[in-house]
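Form predicted alone, single chain, as C-alpha cells, below.
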Amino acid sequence: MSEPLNVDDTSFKDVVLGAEMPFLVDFWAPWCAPCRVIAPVVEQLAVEYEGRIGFAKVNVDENARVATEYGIRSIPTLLLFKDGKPMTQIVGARPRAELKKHLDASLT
C-alpha cells in the first residue's frame, strides 16, 4: 500500500480503526487548494512509511458522517490514529518535517 487508500463512511471503520498499525487520514475535498498542496506530501510519506503506517484519504463532500463524527470543521485536516483512536490532529497544509515528527512519534 504505497499510496493512500480512498476510504468512505462505510469502509472507514474496517480500514482505519481496525488497522494494527498507526493510520494517517487526510480529510480533504477536490475544491480545496490547500488540500491539493498537501496531497503530494502525503503521497510521498505513504511511500516512505510503507509497512509501518497506513495512509487514507476521506473526501468530506462525499463522506459527511465520518467527517462529522471526528469534528472536521476545516480542511485539510490530518488525523493520526493509533489503536483505533485519534492521537494527533493537524489542521492546514503543514511542512513535511512537521508531519514526519508526528508520524515518527506514532511509531514509539
Partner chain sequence: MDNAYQLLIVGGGPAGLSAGLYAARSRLHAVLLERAMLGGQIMNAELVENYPGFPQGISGAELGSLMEQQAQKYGLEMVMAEVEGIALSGDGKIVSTGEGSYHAKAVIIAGGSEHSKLGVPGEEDFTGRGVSYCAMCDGAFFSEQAIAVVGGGNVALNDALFLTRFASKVVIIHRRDQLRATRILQERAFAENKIAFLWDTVVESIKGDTQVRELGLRNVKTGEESGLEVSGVFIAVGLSPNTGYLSGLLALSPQGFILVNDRMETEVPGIFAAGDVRAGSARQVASAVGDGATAAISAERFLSSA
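Computed from a predicted structure; not experimentally measured. Positions refer to the first chain, counted from 1.
FYI, the form predicted together with the partner chain isn't displayed, but the following is about it.
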Can any non-hydrogen atom of residue 73 be found within 4.5 angstroms of the partner chain in the predicted bound form?
yes
Classify residue 13 as contacting or not contacting the partner chain in the predicted bound form by the rule of any non-hydrogen atom within 4.5 angstroms, answering yes or no.
no
Given that the partner chain is not shown alongside this chain, does residue 60 nevertheless sit within 4.5 Å of it in the predicted bound form, heavy atom to heavy atom?
yes
Should residue 84 be counted as a contact of the partner chain in the predicted bound form, where contact means heavy atoms within 4.5 Å?
no
Partner contacts in the predicted bound form for 20 to 36 (non-hydrogen atom within 4.5 angstroms of the partner chain):
31, 33, 34, 36
